[in-house]
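Structure 1 and structure 2, given next as structure tokens, are two forms of the same protein chain, each shown alone.
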Structure 1
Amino acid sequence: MTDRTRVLVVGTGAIGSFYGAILARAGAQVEVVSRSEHQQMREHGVRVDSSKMGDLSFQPATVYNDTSEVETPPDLLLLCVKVLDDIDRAELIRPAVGPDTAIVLIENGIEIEPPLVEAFPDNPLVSCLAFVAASRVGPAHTEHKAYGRLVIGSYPSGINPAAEQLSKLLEQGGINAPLAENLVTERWRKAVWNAAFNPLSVIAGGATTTDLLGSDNEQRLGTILMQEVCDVAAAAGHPMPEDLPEKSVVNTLKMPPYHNSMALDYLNGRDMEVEAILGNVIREARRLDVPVPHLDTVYGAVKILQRTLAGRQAG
């Protein structure tokens, strides 16, 4: 690799903008792909305001409309788009992937790596979990509110040189970026909360964490939902600590009320990552023959809700 790492960010939402900014800050040559905000980004750059780290705005080396315009493949391709049924992520990035390009997933969910492994079997794959509070506040404008840690590993396990390189750059940029030998286990750990509470908050009308855990009965429900995710994780070879569900309830109740990402998507009429967050957990449960009656019910209700919303838009 050359002295200056070449990074291409595909998906310039809050996550892509924030980590792109950190990498630019660390000295990487950061290019971005943005169809809708192409003009804005080319003229004014990518604006990122952080309450903790100050102004992180950066001017991308190149702003592409589309991956098909990329002539020199990057060293690291950061894939930061939502995982949705109607987006073929492999096809989206294919034109920009060279023989040595490492594909870096900064995305939510379980079992989101296999389609990319299948499409690019010879490329290094890096899988990451973001623990960050950041949101879009306007065109090409992101606000970073808190946290920022990125947990990095290879898929399905181990640590490849691209993961090490990414971690080093992010640490240089001022972010905590630990390497994890068992990234998939970390994904399951994050899924325990997300699969249980994200879709539940949606069918509960876009509930905050406080409303989700507002009574003993609902705390019991939340605990059972998390326990079912733990059961699937254990069957999949990723056992979680026994007290994780109870501890998660206690910790969530200590925090000020907030809307999780899927609740925000719902309240803002945006697409929701139902399959990546919960559907893939359900499919793993079926494959491994683990009963998940409470998760099944939430999944069924949220699928009906999506159908209801789609019908209302169409009608």
Structure 2
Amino acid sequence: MTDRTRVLVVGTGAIGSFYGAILARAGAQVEVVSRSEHQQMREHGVRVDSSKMGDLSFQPATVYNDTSEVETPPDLLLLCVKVLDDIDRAELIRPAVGPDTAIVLIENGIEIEPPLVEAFPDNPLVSCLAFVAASRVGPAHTEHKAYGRLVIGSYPSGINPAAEQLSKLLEQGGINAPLAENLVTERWRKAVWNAAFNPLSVIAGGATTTDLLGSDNEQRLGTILMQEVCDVAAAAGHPMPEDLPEKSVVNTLKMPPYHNSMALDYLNGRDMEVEAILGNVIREARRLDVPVPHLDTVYGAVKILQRTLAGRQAG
């Protein structure tokens, strides 16, 4: 790494914009790839308003329309796009990856790393879990409402120099960025909340976290769904604390009303990460013969809504 780390952010939605802003604040040279908003970002930068940290807006060193325009490979490439069946993430970033580029995934889901490992076996892979409430509210404009912690580790395990460098930069930028020896276990820990509340919010018509937990019955449903994810995680070799579902409900109730990523995608008619967030958990449950009746029901319901949304768009 050079004294001023070169960072390329691919995927400048809420997550990419927020962590790009934190890295710029830490002194990194942050470049971005944006197809739909490149002109806006070139002229006005990336606007990030934080209720906790103030104005985090920054002007990227370079704004690219496509990764094919990147002439000098970055030290760290942050991949922050949604994990969807019709997006080949490896081919998306391939033109910008050099022999010394560390690939950093800040994305949702279980089992999302293998395609990148297969495509770039000689590049360091850093996998991250974002615990942050941030939403896009306009072109090149993100609002950060709460949290921001990014758990960082090498894939499949351990901690490589790129992970250490990223953690140091983020800490300098003002957020908590702990290193994790077993990032796969941490992915399962986050899936406990994500696989329950993301699809549930869609079934509830794009509800906020507060709406989803408005009564004892709703809190009980959230707890049951999270417990089923814990059962799958344990069978996969990643046991969770026994009180994790109950604590997750308590912590969610303390948050300000928040639309999670799948709720926002549903409300805005965008493709949703159903398979990465929930489908992969369901498939792992079937492989391990773990009963998940409530998750199965939620999965079936959200798939119907997904098809309905797609049909509406096609029509």
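The model shown is predicted, which means the values in this text are computed figures rather than measured ones. C-alpha atoms forming the largest set that superposes within 1.5 Å between two forms make up the rigid core. One-based numbering along structure 1's sequence throughout.
Of the two forms shown, structure 2 is the one predicted on its own, while structure 1 is not. Treating the chain as two rigid bodies that shift between structures 1 and 2, E181 and A196 fall into separate rigid parts, each C-alpha being assigned to the part whose superposition fits it better. With both rigid parts superposed separately on C-alpha atoms, the smaller turns by 14° against the larger between structures 1 and 2.
Look at N251: with the core superposed, its C-alpha moves 3.8 Å between structures 1 and 2.
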